[in-house]
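Here we start with a single chain on its own, the form predicted alone, put down as structure tokens.
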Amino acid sequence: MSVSHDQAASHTVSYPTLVNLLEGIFLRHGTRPEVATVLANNCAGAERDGAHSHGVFRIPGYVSTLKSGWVNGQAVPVVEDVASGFVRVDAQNGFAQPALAAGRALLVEKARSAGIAVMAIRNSHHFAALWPDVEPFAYEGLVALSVVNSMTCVVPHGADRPLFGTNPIAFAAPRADDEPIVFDLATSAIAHGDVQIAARKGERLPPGMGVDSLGQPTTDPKAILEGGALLPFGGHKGSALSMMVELLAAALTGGNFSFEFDWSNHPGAKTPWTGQLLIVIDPSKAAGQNFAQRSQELVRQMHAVGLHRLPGDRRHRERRKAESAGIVLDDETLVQLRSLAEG
């Protein structure tokens, strides 16, 4: 660990060092080792890749949730082989990523056998970025799509009260001789974590992101968080996609809708208790040319018409930078993380 000279009051840590520190935090606050490893890599990976709203910023929320008894850090997921192309996982009121890890090998086996396979996760808590759930499949030559719903905080288009969650959609596809094509987008106009960060920094948001407690448009992130709500992106189009996510992630999996759980008896709870759906496709089963080469050709044509930045480019750039120079954490954050690891 070394002091960073280009940023005042900050330190630079390696990715393994950060993972080890976060594992210690999760273990100290009640998760079993396998859960700690999955969550620590997920959170450290987001920080490494510049997705700060889903990086170490989330750790206090994980800790307060575990302390509240809202989520079971010791849960052992139950994996069910229910059909030739269908895997069902009961997360047992635990986190979604360990549930995905538990059923992942079976999901890939089914996708390669049948050409397509679905994993339906229920009774799960997802509090992280969604792209890490799909990106690894693309490195194996597979196409992956995932949706997850969250807690009620988004007003459907044309409504006057919140109902949906931020309900992100993530997609990953392999690309020949380059990093995979990956995107992760909330169906709300802005991610909830980005609103929290803006509120912490005292910044304003662009117009059209949310409303206050009276339903009036606001650019004040605190007004959105304190009784207000987010808006869907793209008006009725984003709202329709958010509805689709509720149906796929909750109704189809057997998980809770964004409005169905009540955490009022668990002060400190932050993680939505919902569901997640993953669809994995083996493109080698399709007719035509190699899919990864076709993906690369599409990207080449996108560049040719003047598009210089693709979804995920910044993330991969930040990853390469962190791998060579380390991950920068301010002193306050590092002190907080060490304190959480100790008690």
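Just count from 1 along the sequence shown to find any residue number. Predicted model, so just to flag it, every value in this text is computed and none were measured.
From this point on, the text means the form predicted together with a further copy of the same chain, which you will not see here.
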> Okay, which stretch from 33 to 41, 278 to 286, 57 to 65, 314 to 322 lines a further copy of the same chain in the model of the complex, with non-hydrogen atoms inside 4.5 Å?
Replying inline: 278 to 286
> Of A114, I197, L106, A101, which one comes within 4.5 Å of a further copy of the same chain in the model of the complex, counting heavy atoms only?
Replying inline: A114
>> Only one of R88, H266, K222, K270 gets a heavy atom within 4.5 Å of a further copy of the same chain in the model of the complex. Which one?
In response: R88
> If you check in the model of the complex, is G210 within 4.5 Å of a further copy of the same chain, heavy atoms only?
Replying inline: no
>> Contact with a further copy of the same chain in the model of the complex for R204, defined as at least one heavy atom pair within 4.5 Å: yes or no?
In response: no
>> So in the model of the complex, is a further copy of the same chain close enough to F95 to count as touching (4.5 Å, heavy atoms)?
In response: no
> Taking 4.5 angstroms as the cut-off for heavy atoms, does L214 touch a further copy of the same chain in the model of the complex?
Replying inline: no
>> Suppose contact means a heavy atom within 4.5 Å; in the model of the complex, does that hold for all of A51, A128 and C153 with a further copy of the same chain?
In response: no
> Taking heavy atoms and a 4.5 Å limit, what residues of 238 to 255 are near a further copy of the same chain in the model of the complex?
Replying inline: G238, A240, L241, M243, M244, E246, L247, L248, A251, L252, T253, G254, G255
